[in-house]
Ligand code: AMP
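Below sits a lone chain in structure tokens, taken as the form predicted alone.
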Amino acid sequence: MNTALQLYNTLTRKKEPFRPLSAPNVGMYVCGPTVYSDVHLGNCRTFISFDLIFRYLKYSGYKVRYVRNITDAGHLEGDRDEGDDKFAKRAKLEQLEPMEIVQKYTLGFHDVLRMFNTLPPSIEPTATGHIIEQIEMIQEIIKNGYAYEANGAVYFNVEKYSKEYNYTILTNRNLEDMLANTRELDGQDEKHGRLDFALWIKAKPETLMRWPSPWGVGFPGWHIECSAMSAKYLGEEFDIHGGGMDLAATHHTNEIAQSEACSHKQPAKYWMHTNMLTVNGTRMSKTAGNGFLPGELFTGDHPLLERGFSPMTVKFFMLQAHYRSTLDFSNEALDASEKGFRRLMNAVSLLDKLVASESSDFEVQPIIANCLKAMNDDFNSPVVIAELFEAVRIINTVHDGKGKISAVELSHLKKLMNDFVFDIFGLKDEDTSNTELNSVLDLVIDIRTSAKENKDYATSDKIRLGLQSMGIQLKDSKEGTTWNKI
């Protein structure tokens, strides 16, 4: 069990030793996608970040129950419960049943995450599959005096709650400022207070997704689903709650309020948030015209992209920034990541070709220790990557015959790369998985080797230079000829 792990806790704004409430078991809940449209890159960064956390906790010996929900009902146009249900709007637009919309975009979401080689969560519950649990939680909140029914809807009483609990504990916002920046209630508004939010919404005659409840036919508000599902699968108190930083101010703030109003306990020990994405220094968004979908990034089919980049290149790019840091997309940055990723994978492919010596010019254990220290320090993947490139330097030096490595150190080196590159980062070599390319290159290298043996240096050089112009570099050594992408 790794006891050195330190997490950054949003509530305390400081790092704390990780002490799971039910060690060695860890409960982790991450707010999943709202599946009424294609998954966007911000979602992908969040799920890639928590995949890293999931993988490392498992690697460290914890038994992790990772719950990631699917929002398939009740997500409105505005955070203050205004507008129409997004699933109903999309269903009417595409002339489909709402659950057809859910199925279509859930499958698309899973397809994208498979391309990024993320592990599936332990449980992936849906909002529509837990209506009963949400209704029961709302009933308990009403019973405890923190919610009220109004004309078939139920609202959370923020003013009543704020007298006993810190409503803004997650963001440290000033409650008076929040009230001042919220519109006044008009005579037709059913809410008692300006910050009150819906737990249950009365269905309109045209509402497609609706369920019976003690307050009439309707559907749940956006926030209650996560409180209900996290409590069902992880208990009233669990270890880690995560999501994008855009969820902290409203969704996660209201989750804490609902859970405390129901059980009088704070739901999560650690609140972890991934930071925003920017494009050439400007925040990525559809309205700014600089937002692109994962598929557009892979194909390059977007005005801001000069070409496409592979899923592993994009994943490696994301891992080069700490999950709490802003991540800026640019063609230049992606180009650099692609070269770095290729260099890393080329070095890994050389490991089995290295020949051990009786002595060693290198020690690998300090690199392993530095990688573990970085991961224990709030999952600092950029520092780990820097250490991995020190290992790359060692591999290339030994392969070029400019240094020696012992069998023991070579075994450490192989374990380091396998553990961190594949098991913890979840990267995979997209080039070497292409067996057809490997077979063709093996044939070309054999032809070139024969040409050299026959002193046909013109053909040998033509093959070498031709491959180089296509981005493939040949490297001759005593053990034979190897290739890598440049």
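Take the two forms, superpose them, and find the largest set of C-alpha atoms that agree within 1.5 Å; that set is the rigid core. What you see is a predicted model; the values in this text were computed from it and never measured. One-based numbering along the sequence shown.
The form predicted together with the ligand exists for this protein as well; it is not shown, and the discussion that follows is about that form.
Task: Residues 106, 294 and 302 all lining the ligand in the predicted complex, heavy atom within 4.5 Å - done: Negative, none of the three is within 4.5 Å.
Open item on the list: Please tell me whether any heavy atom belonging to residue 246 falls inside 4.5 Å of a heavy atom of the ligand, as the geometry stands in the predicted complex.
Closed with: Yes, residue 246 is a contact residue.
Task: Distance check, residue 47 to the ligand in the predicted complex, heavy atom within 4.5 Å - done: Output for residue 47 is yes: heavy atoms within 4.5 Å of the ligand.
Task: Proximity of residue 42 to the ligand in the predicted complex, heavy atoms at 4.5 Å - done: Taking the distances in the predicted complex, the answer for residue 42 is yes, it comes within 4.5 Å of the ligand.
Task: Proximity of residue 277 to the ligand in the predicted complex, heavy atoms at 4.5 Å - done: Taking the distances in the predicted complex, the answer for residue 277 is yes, it comes within 4.5 Å of the ligand.
Task: Partner-contacting position among 307, 283, 373, 143 - heavy atom within 4.5 Å of the ligand in the predicted complex - done: Looking at the other structure, the residue within range turns out to be 283.
- [ ] Sort through 31, 57, 424, 28 and report the residue having a heavy atom within 4.5 Å of the ligand in the predicted complex.
- [x] So the residue touching the ligand in the predicted complex, by this definition, is 31.
- [ ] Just one of 114-122, 96-104, 269-277, 411-419 has residues with a heavy atom within 4.5 Å of the ligand in the predicted complex, so point it out.
- [x] Partner-contacting stretch among the options: 269-277.
- [ ] With both forms fitted on the core, give yes or no for whether the Cα of residue 282 moves by 2 angstroms or more between the shown form and the other one.
- [x] The answer is yes, as the C-alpha of residue 282 shifts between the shown form and the other one by 2 Å or more after core alignment.
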